[in-house]
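Next up: just one chain, as structure tokens, the form predicted alone.
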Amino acid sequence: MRDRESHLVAGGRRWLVVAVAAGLIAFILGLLFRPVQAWSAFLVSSFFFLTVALGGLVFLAIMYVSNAGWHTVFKRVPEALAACLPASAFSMLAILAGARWLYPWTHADAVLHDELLSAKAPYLNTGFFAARMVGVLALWVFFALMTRRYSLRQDAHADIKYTRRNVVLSAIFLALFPFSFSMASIDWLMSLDPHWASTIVGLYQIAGLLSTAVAAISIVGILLRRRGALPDLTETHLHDLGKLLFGFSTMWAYLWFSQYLLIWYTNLPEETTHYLVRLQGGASFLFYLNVVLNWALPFVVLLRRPAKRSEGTLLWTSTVVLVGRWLDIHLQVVPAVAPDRLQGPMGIGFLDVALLLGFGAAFLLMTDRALGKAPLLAEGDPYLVEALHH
């Protein structure tokens, strides 16, 4: 299928390519002079954009399983995000090359002289870690490709059997997703500090993924609407997206507070160190800013009904949530890998920003390419009429 016109990056493609190249150069230079900082920044941005792509697939799956029709007008948006999943999976696999800079349990000497790491060695070892990573990424990519294939066939043939196949696929995916993503979050993020453990990490990351997905879908949908490419996206659709963003951000805050409160009142040394390192130096400002960006601000702004229906308000609120989500991942990775980096006034370095912009530019280019490969309106979808009159 040939590419159609650009919907998102028309006129700005050159600058995005420059941003990708600049991010790549910054990463290479970082590997030469500051490998720990380079790999930690790479992990943060890689995991962040993986959750954006995976979040698009999760959003679609929830819509299919619940027989929802209201989203059909902008269904191509989460499909385009999910289409970036193969490339995002490849970037996560690249983390294996830098595992020795990130994960202390990859060092034989550390395992030999640490009783806890020795006890966890049957699970936390490079071979098994790589196998689990390949397995979960392949699983997610498979569901993303199959869902997209059946959706496009539904358009071409207007046969409801393809929608029914996606319902079945989505039900299977949603049964596997919480376990696979929780395991991945424990492997890729929590094991950065193998002496710390939390039973709520999986749910916490899922809540972050859901708010990220709705924010990204809202931003792309609004940008397409402003360009005249998605005129059927109405204030009612925006209102529903705003309600989801409001709800998922509050769910994230509930889990954030639950984890913090449990660790605070039990006051166990092996648990409190996780927060102590994040409440010192420049990290303390980022620690509280994280809550403001991911919950307090969107909660206050989206509390009123007109705000959820406002294109401009939902656009900048969604942008704030995406920035907050990146910061949340940054605060989970950097203090565990290189706590000394957070002693400065901000705790965010040049490499962090360069890789974020590079990854973001590449992700935007891939999203635009996916949007151009199919009509933006899913004309063969049986729920289209319902969505147009939502």
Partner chain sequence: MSRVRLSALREPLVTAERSLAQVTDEVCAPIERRPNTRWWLALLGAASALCFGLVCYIRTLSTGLGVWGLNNTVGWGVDITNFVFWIGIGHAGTLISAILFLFRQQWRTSVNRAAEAMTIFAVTCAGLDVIVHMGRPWLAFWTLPYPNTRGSLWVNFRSPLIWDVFAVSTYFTISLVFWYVGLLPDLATVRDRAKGRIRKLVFSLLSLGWNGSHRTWSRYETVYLLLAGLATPLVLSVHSIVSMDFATSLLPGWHTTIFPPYFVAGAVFSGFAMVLTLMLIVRAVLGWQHLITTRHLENMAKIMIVTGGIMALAYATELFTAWYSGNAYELFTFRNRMSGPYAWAYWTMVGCNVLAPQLLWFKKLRTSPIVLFPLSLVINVGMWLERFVIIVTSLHRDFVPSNWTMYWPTWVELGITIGWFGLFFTLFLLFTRALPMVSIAEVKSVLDYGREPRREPASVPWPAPIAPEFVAGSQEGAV
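The structure displayed is predicted, hence computed values, not measured ones. Numbering follows the first chain given and starts at 1.
This protein has a second form, the form predicted together with the partner chain, left out of what is shown; the following refers to that one.
Peer 1: Give a yes/no on whether Ala197 approaches the partner chain to within 4.5 Å in the model of the complex, heavy atoms considered.
Peer 2: Close contact exists here: in the model of the complex, Ala197 approaches the partner chain to within 4.5 Å, heavy atoms only.
Peer 1: Gly372 near the partner chain in the model of the complex, any heavy atom under 4.5 Å?
Peer 2: No, Gly372 sits far enough from the partner chain in the model of the complex that none of its heavy atoms falls within 4.5 Å.
Peer 1: Indicate whether the partner chain has at least one heavy atom within 4.5 Å of a heavy atom of Thr319 in the model of the complex.
Peer 2: No, Thr319 is distant from the partner.
Peer 1: Just to confirm, Tyr288 within 4.5 Å of the partner chain in the model of the complex by heavy atoms?
Peer 2: No, Tyr288 stays farther than 4.5 Å from the partner chain in the model of the complex.
Peer 1: So which of 158-166, 94-102, 78-86, 306-314 is the stretch with heavy atoms within 4.5 Å of the partner chain in the model of the complex?
Peer 2: Result for this chain: 158-166.
Peer 1: Mind checking whether each of Leu116, Leu262 and Tyr265 has a heavy atom within 4.5 Å of the partner chain in the model of the complex?
Peer 2: Checking in the model of the complex: Leu116, Leu262 and Tyr265 are all within 4.5 Å of the partner chain.
Peer 1: Of these, Ala108, Leu276, Ala175, Ala138, which has a heavy atom no more than 4.5 Å from the partner chain in the model of the complex?
Peer 2: So the residue touching the partner chain in the model of the complex, by this definition, is Ala175.
Peer 1: With the partner chain left out of view, which of Leu244, Met133, Leu302, Leu209 would have a heavy atom within 4.5 Å of it in the model of the complex?
Peer 2: Here the answer is residue option Leu244.
Peer 1: Need the contact residues for 314-331: heavy atom within 4.5 Å of the partner chain in the model of the complex, sequence order, or none if there are none.
Peer 2: Not one residue comes within 4.5 Å of the partner.
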